[in-house]
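Shown here is one chain on its own, the form predicted on its own, set out as structure tokens.
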Amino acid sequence: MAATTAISTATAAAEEARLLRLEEQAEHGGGGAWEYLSLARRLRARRPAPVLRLGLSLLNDASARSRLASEQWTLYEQVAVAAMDCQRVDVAKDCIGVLSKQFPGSTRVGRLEALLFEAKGDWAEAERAYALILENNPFDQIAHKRKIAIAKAQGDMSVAVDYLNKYLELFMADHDAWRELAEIYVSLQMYKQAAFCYEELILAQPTIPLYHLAYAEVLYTLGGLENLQTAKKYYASTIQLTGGKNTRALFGVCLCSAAISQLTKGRNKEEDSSELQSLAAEALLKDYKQRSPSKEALIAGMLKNMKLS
């Protein structure tokens, strides 16, 4: 698995380097504009300014446009999105108008029209456009996600939470949506709900340390003996999953240990728990000695006050 990941990373880096070379070549009149635009689409690279410039240069050239044949419609879409990113609403409107005439009633064009309303800040019209798309296809993921984005853009987090919950009823396996919902709950100080989201993420992807750490931090924030004990376990699992290299998790073990000690007044101390907090404190000191020697004494004093060293 490690070898496969390394190969994938190397391939992605090579493709990104190729994209940059093509961009420089095309921008300086060396040709390859269509190759660059095609690669940008395939890599889903968000480079709106060069895409807009090079895309328009092809669309405004009748002979180049005709050579693209049916692929010109893909280019119109790509340029429309880039134009909206660059706040060139006029260009986006023209491109979408061409597509609308070519593909009347298309859901894909309908999404672009809704995005144009968003670009203009016309949230109500955008909402209506997405509602129409969902009326025809309740399982259109993009339309659902854009509604969530609109609510967030307007700062209405309660509506965003409502939309996310409805979205997850349909698409329970969307891990990014669970994480987004958890983060919004944390921002609203709805920690029990955030904990539930992280539980779902850990069940689905148990080897991702970020979820263990976030869950532990939510439980630590909630407080109480049971939550602190569980938080300590998840801080420990984060340490294990990261090979002992997560400073926040090491701090978490120490903070949980100190808080539990205060709540239990030293009763029912488990030997393995005592060993864990000692190892965490030792690892913290070693980490600061290597990376920030000037703060080693500060950390040592803090751990001493917490009676962990």
Partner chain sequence: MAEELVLDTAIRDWVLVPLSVVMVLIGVLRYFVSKLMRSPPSSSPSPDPKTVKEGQVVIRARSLRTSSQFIPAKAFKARKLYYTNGESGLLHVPKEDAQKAQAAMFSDPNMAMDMMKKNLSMIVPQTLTFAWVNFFFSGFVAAKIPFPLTQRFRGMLQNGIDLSTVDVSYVSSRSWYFLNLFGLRGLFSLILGEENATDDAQKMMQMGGGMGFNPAMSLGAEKDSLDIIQHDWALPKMEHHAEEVLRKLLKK
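Numbering follows the first chain given and starts at 1. Values in this document were obtained by computation on a predicted structure and should not be read as measured data.
Just so you know, the form predicted in complex with its partner chain exists too; it's not on screen, but the next bit is about it.
Participant: Quick one: of L134, A204, L225, A124, which gets a non-hydrogen atom within 4.5 angstroms of its partner chain in the predicted complex?
Facilitator: It is A204 that has a heavy atom within 4.5 Å of the partner.
Participant: Is it the case that A258, even though its partner is missing from this view, gets within 4.5 Å of its partner chain in the predicted complex, heavy atoms only?
Facilitator: Looking in the predicted complex, residue contacts with its partner chain do not include A258, since no heavy atom lies within 4.5 Å.
Participant: So in the predicted complex, is its partner chain close enough to G29 to count as touching (4.5 Å, heavy atoms)?
Facilitator: Heavy-atom contact with its partner chain at 4.5 Å: absent for G29.
Participant: Could you confirm whether L54 comes within 4.5 Å of its partner chain in the predicted complex, counting heavy atoms only?
Facilitator: L54: no, not in contact with its partner chain in the predicted complex.
Participant: If you check in the predicted complex, is F139 within 4.5 Å of its partner chain, heavy atoms only?
Facilitator: Within the cut-off, so yes.
Participant: In the predicted complex, do D174, S237 and A280 all reach within 4.5 Å of its partner chain through at least one heavy atom apiece?
Facilitator: Each of the three qualifies.
Participant: Quick one: find which of 71 to 79, 108 to 116, 228 to 236, 125 to 133 has residues within 4.5 Å of its partner chain in the predicted complex by heavy atom distance.
Facilitator: Result for this chain: 228 to 236.
Participant: Who in 189 to 203 is close to its partner chain in the predicted complex, meaning a heavy atom within 4.5 Å?
Facilitator: Result: F196, E199, E200, I202, L203.
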